[in-house]
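The chain below stands alone, shown as structure tokens; this is the form predicted alone.
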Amino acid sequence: MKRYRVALIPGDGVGAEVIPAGLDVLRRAGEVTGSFALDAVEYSWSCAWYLEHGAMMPADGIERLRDSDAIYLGAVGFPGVPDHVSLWGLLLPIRQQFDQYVNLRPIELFEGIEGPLRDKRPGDVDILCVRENTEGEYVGIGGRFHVGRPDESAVQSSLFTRRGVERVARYAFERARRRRRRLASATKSNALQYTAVLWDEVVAEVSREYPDVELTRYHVDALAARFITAPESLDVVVASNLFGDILTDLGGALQGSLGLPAGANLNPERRFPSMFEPIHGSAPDIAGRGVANPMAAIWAGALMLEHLGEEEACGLVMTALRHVAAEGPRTRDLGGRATTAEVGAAVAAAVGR
């Protein structure tokens, strides 16, 4: 039996509620398959930790995580700590230091859950977004000048490299080849004549290696509209850091609840640990009440099992998740009355059933 060391960072708000539910489901999958066990090491790094220590994680935090097989993150952010402090103090350093250059976001409407598009059903919404995760607009290059003066100014620069675009494009083409062989590339090269043009040129060059995958280039505003008007026409979408961030949150809204979208921050070569997280954030308005939807955390855990090579267990978890989505119980965001623990227990009970 394989044993995996998983670093748990429940983080803020509902993260501390949904991560234990997800971990129970993953461990149940290990029991059913008999192929693995998870050794969890928990770290209390969070906004509360920041208010006590003046940092989101200790100076050696990255080194503590380095020997993990995976990182399971709950949520980052809470009132009292500015968002740019929490993001740049924990999440972005992990992504960048561990070269997690792919942010993978599945967007799927489950049977039994009503989405916001009145004429779209499960099967119409099934998109896999591949977002470049370590450069682009989020590299942190820039500064503020003459702060507090009438002529105060700010500069924020984006960084696109041939290597960065090429490797995320190649990953997206590989995923498209395993699905419906269609890839949409998000760009804005009519206005961004340097970065987006480089993006377009490199994606086109990589496409020559994949003649069996149909590549379509969309301006990002038109692609956002297509998410709403014709999601069934989209298969795999590849986008830069900022464009991908916006498109995936739009896609998450199509799933019927913010309690459903899951994400993976991947180092595909496995030179460093990858990180898996629900996308709903810390939800401080419902934190501590035991009503948060754990499905996104469970789905993120399934992505972790897939990345670790536990394909059978991943399939069992996703089958169980779809079963509970269709049959219940459901938390309040999906029209039910079940608690976080009750939904987590229902998914765990359905694993392998």
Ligand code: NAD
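From 1 onward, residues are counted along the sequence shown. Computed from a prediction, not measured in an experiment: that's the story for all the values here.
This protein has a second form, the form predicted together with this ligand, left out of what is shown; the following refers to that one.
Mapping the unseen interface onto this chain, Asp285 counts among the residues with a heavy atom inside 4.5 Å of this ligand in the predicted complex.
The closest non-hydrogen atom of Leu258 lies within 4.5 Å of this ligand in the predicted complex.
Among residues of the shown chain, Ala75 is one whose heavy atoms approach this ligand to within 4.5 Å in the predicted complex. This ligand is not shown here, but in the predicted complex it comes within 4.5 Å of a heavy atom of Ala292.
In summary, the region of this chain contacting this ligand in the predicted complex, judged by heavy atoms within 4.5 Å and restricted to 185-193, 143-151, 276-284, 232-240, corresponds to 276-284. With the partner omitted here, the residue from Asp99, Glu205, Glu214, Asp83 that has a non-hydrogen atom within 4.5 angstroms of this ligand in the predicted complex is Asp83. Note on the partner interface in the predicted complex: the residue among Leu87, Ile228, Val197, Ala222 having a heavy atom within 4.5 angstroms of this ligand is Leu87.
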